[in-house]
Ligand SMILES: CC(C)(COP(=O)(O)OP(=O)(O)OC[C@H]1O[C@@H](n2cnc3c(N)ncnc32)[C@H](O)[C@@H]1OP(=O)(O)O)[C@@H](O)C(=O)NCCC(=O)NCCS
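This document starts with one chain, in the form predicted on its own, laid out as structure tokens.
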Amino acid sequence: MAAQGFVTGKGEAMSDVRIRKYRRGDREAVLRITQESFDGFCIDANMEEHFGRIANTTWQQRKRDGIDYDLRRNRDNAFVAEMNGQVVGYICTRIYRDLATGHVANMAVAKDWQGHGIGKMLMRAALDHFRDCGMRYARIETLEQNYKGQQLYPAFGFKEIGRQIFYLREL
């Protein structure tokens, strides 16, 4: 899974982007990308905006902990985008064999590399992985304010099937 020598939409040539399986040594880079990439696209950020810190942690810490959980529990279903030896993006997936469904749990690209087609490469890798695992369906969710996701996911054939409303209150 490699793309070499292509030109990005921003006119910059990227010498080598490779999508590969996640390795334990990628953990800190993935968690750093998580903290910088989900501002405005994370339910925990929405909660914090309305209620302040939850359980004395920031939304970034909670999001990071969620990704770390996936990396520990679903390591074989996570992939990274690597350019010149540096992790610049990742995608965490889950396989639900009894439902024949692959689930894209989280995907992020480092801020400096957004808009270069890396998210598309990661999504292609995830969909290929689902097919290789014998899945019949692929699933992903996003928040209403994630305009990029609302453009990207339908471009990959995803169909909106419903909307969910999140509520939170203080006790």
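Throughout, we count residues from 1 along the sequence that is shown. Note that the coordinates shown come from a computational prediction; the quantities given were computed from them, not determined experimentally.
What follows is about the form predicted together with the ligand, which we do not show.
Residue E141 is the only one of E49, E144, D65, E141 with a heavy atom lying within 4.5 Å of the ligand in the model of the complex.
Three-residue candidate spot A108, K120 and K148; every residue lies within 4.5 angstroms of the ligand in the model of the complex by at least one non-hydrogen atom.
Y153 belongs to the set of residues with a heavy atom inside 4.5 Å of the ligand in the model of the complex. The ligand in the model of the complex comes within 4.5 Å of a heavy atom belonging to S37. Of the heavy atoms in Q114, some are within 4.5 Å of the ligand in the model of the complex. Contact between F41 and the ligand in the model of the complex is found at the 4.5 Å heavy atom cutoff. Segments offered: 131-139, 24-32, 100-108, 53-61. Contacting the ligand in the model of the complex at heavy atom distances within 4.5 Å is 100-108.
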